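One chain comes next, on its own, written as structure tokens: the form predicted alone.
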């Protein structure tokens, strides 16, 4: 076969916040950079991040600093975080935010012209720099506008299906043009994975169609280790009605601006279940919580701004006990603040313009007049590719990862807003160290047999016909249905084991998937190729979940309700065995530095 061939010093796979920031940094180091994105440039899932980016700028409350941010991140992650990544993130996020501003990001402002910051779940002080509820969109716009002047070559609507190695080092990637179906071969001295998450492995998700775990699966097949895949975050507030919009994100910014959660009885149920670790900082009455959302330094935050895992489980409890909304969710009410603020409706529209239009257009609801119906939706994976904290290199030489597809920063549960600053901090580091690595390498030969094998495998679905062939969409649907039901928000040994037992059959079915037509614009073919990655990451989640016999962060076991102090010292690590099997083990975390432990103690 013949392929279009491209050669770069650094190849970045994924054009969201992490990929764009990595490409900008690598290009500024004087190396040639190729940027591959599965969709169109500007359609990255980063645009769906609405609430803001967490950075301890101290513009609204001058008591905030990197040490408090670090302690909040570690506490939110239940201390399973890579403490070095959490330290770097907290220290460098303010510089990355100001850098984005210097590149043209138009943040909301305080009265004295500083970047405005809002409250968010799990953060002690107002910390999220934001642009209304469209922060991710502004981030992507700014990075793209800045990046196009850096000499980066962009390959849009291109899917990578295999990483290529020479010995123990990654030396390129093989993929195809989604529009015409033509194969593309990329030679690179270093590769950065910034491909996002795995949400499409579940039935109800806020994630768009691109999130099929491509980076996780590519790295795993190339020999890299994955870590902590059991920790999947279910955002407490996604749309539940009508069915066509189920799962679409409702930003935490609604609660940050004063939105409250009520059950069908009209009761604010979050006051009933405040964890001991948060009782000293969480309001126990409505008045105090309202003052906090208005920036009163002496008030405690409302319980709606507890960590996402806790809020999601409280919502599930209300639904299961018969106090849910008519369509299987609960009510999120921001309209009530009209009683407190003059021109309350206009205030809501100004602070939450995307949410106002989203509900008006998709659900026929005016959020300034009536409550929204919301429920948990699969949102984010804390687990991912195991990387070095400083360089972001994986356990395979020349392969780097940043953003959601990399593990470590968030531990057992991510705080809202930490994702956007994560993209910038570690995207910058991945680009910096990938460029440095590339400068030290020579261009290595590509194994043509590997390329031919990848091409043949990709085309196999066209060769399957007859009664034995199955459509890819049904296999994908059954996988999503199984994961939602058996490895969802509330887990148990028996249900997870059913999922584990179901994977061999799903793999067999995926290997029999057939598609019709030709390679141009063939969505069925794209889905068939995505199945391989979806099955791999879903199995990694299930096998990790069955191994962790405790409840911690986003991983909740109804048969092991308490935290296990011993398991709290262990990360779950996944490797590909010599026979191709998935090996899942637990390894002890590195001891935290004494000075960082003291910061945690000082900020409890």
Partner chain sequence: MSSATFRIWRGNADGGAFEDYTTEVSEGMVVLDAVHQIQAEKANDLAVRWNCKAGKCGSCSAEVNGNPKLMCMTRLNSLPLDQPVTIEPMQTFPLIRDLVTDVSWNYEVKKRIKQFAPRAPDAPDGSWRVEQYDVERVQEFRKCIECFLCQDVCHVLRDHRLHDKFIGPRYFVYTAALEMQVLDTADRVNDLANEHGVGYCNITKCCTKVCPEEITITDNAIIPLKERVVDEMYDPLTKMLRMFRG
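Keep in mind that what you see is a predicted model, and the values were worked out from it rather than measured. Residue numbers count along the first chain shown, from 1.
Below, we turn to the form predicted in complex with the partner chain, even though it does not appear here.
Of the heavy atoms in residue 547, none are within 4.5 Å of the partner chain in the predicted complex. Residue contact check for residue 341: none of its heavy atoms lie within 4.5 Å of the partner chain in the predicted complex. By the criterion of a heavy atom within 4.5 Å, residue 354 is counted among the residues contacting the partner chain in the predicted complex. Contact check for residue 112: a heavy atom falls within 4.5 Å of the partner chain in the predicted complex. Proximity to the partner chain in the predicted complex, taken as heavy atoms within 4.5 Å, picks out 472-480 from the listed stretches 299-307, 530-538, 472-480, 266-274. A heavy atom within 4.5 Å of the partner chain in the predicted complex is found for one listed residue only; from 445, 436, 148, 485, this is 148. 131 is the sole member of 399, 131, 229, 283 with a non-hydrogen atom within 4.5 Å of the partner chain in the predicted complex.
Heavy atoms closer than or equal to 4.5 Å to the partner chain in the predicted complex belong, across 433-462, to no residue whatsoever.
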